[in-house]
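Next comes just one chain, in structure tokens: the form predicted alone.
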């Protein structure tokens, strides 16, 4: 991406508009104030609800243990204007205007934080009893389904599908069948040898996992597979992935990548002047991994906004822009197990195991040139905490010592 000329001027106050009121958007607005930004901040969100956090939707909210997950942010006290229930529809960088359902919104600096949207199951739209789990409204619609203890078919065996299958549906007393077109769960997220032990977790929790099972069609009360199997279902939950919510940027001149994501540079700037992008909707180049990363996880939506805020505020004082190059991180509750991941294993040339994957606690380490680049920790949070720091520092490791699960990771350096 070529170097851009920022045109908003060098003196505050400016008008910063943030498109998207999820984690990335809210954190951008808050970080601007924390970094001393004194101009106008407008947060535009498509949903009518007070901005909320998404991870609790598949946990406490879905089980009825919480009525919501609104961010604990006093927007009024921070001088952040909210415009909710307002869909963004387009962008005209030449005019410095964001198009919305309520009309054009002028900006000096725009931050694109519209996140991702769930991929829908072809042919299932409009069929009664088919659900997604992405928004607060989705969770509210699913709560009575669990209460009625329906037979539930979950399409997709990724992180969210597994969380729902056990931690929510099976715990609520529902009979759960999970269908996955690939040969294993988490096929797109983890290597085969790492994901394979996780297949046993389903049966242990009372959920049935069917792999190599492609959905032919969904009809009221049943899911039909392409091998002719008919699975009775009081409800169908679709969790087959998400894609960046960026269709509204078509024709704007903002470069989009192969997955429809905004192509940001190392400072999280887009190809349009004074337009940044952050969170699930944007990819960024990683010098750490020599790769372009598209990260659909909560921590990315928390960390990226700090870089954007620094760079917006820093322009007024002429400070060099900050570079965004994090160690990606996420966690998930999987069938009673605390699973954490840090790094980017595609860059590795060596895989090492710490512990028995048939047991309750184990870790997989990925190395490149004897330096840790990623790890997956199941029930071993200390491994994750120490490993994340070792990834950040690039400390050389001793593979023999590293493979000993009784030895702390920090004591396995070369």
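What you see is a predicted model, and the numbers here were worked out from it, not measured in a lab. Residue numbers count along the first chain shown, from 1.
Below: the form predicted together with a small molecule, not depicted.
Only one of 292-300, 183-191, 262-270, 214-222 places residue heavy atoms within 4.5 angstroms of the small molecule in the predicted bound form, namely 292-300. Contact with the small molecule in the predicted bound form, defined as a heavy atom within 4.5 Å, is made by none of 17, 313 and 324.
The contact with the small molecule in the predicted bound form, taken as any heavy atom within 4.5 Å, belongs to 332 out of 233, 177, 286, 332. Residue-level contacts in the predicted bound form: of 44, 375, 378, 32, one residue has a heavy atom within 4.5 Å of the small molecule, and it is 44. Not displayed here, the small molecule is kept clear of residue 201 by more than 4.5 Å at the level of heavy atoms in the predicted bound form.
Using a 4.5 angstroms threshold between heavy atoms, residue 107 stays clear of the small molecule in the predicted bound form. Contact check for residue 133: a non-hydrogen atom falls within 4.5 Å of the small molecule in the predicted bound form. In the predicted bound form, the small molecule stays beyond 4.5 Å of every heavy atom belonging to residue 274.
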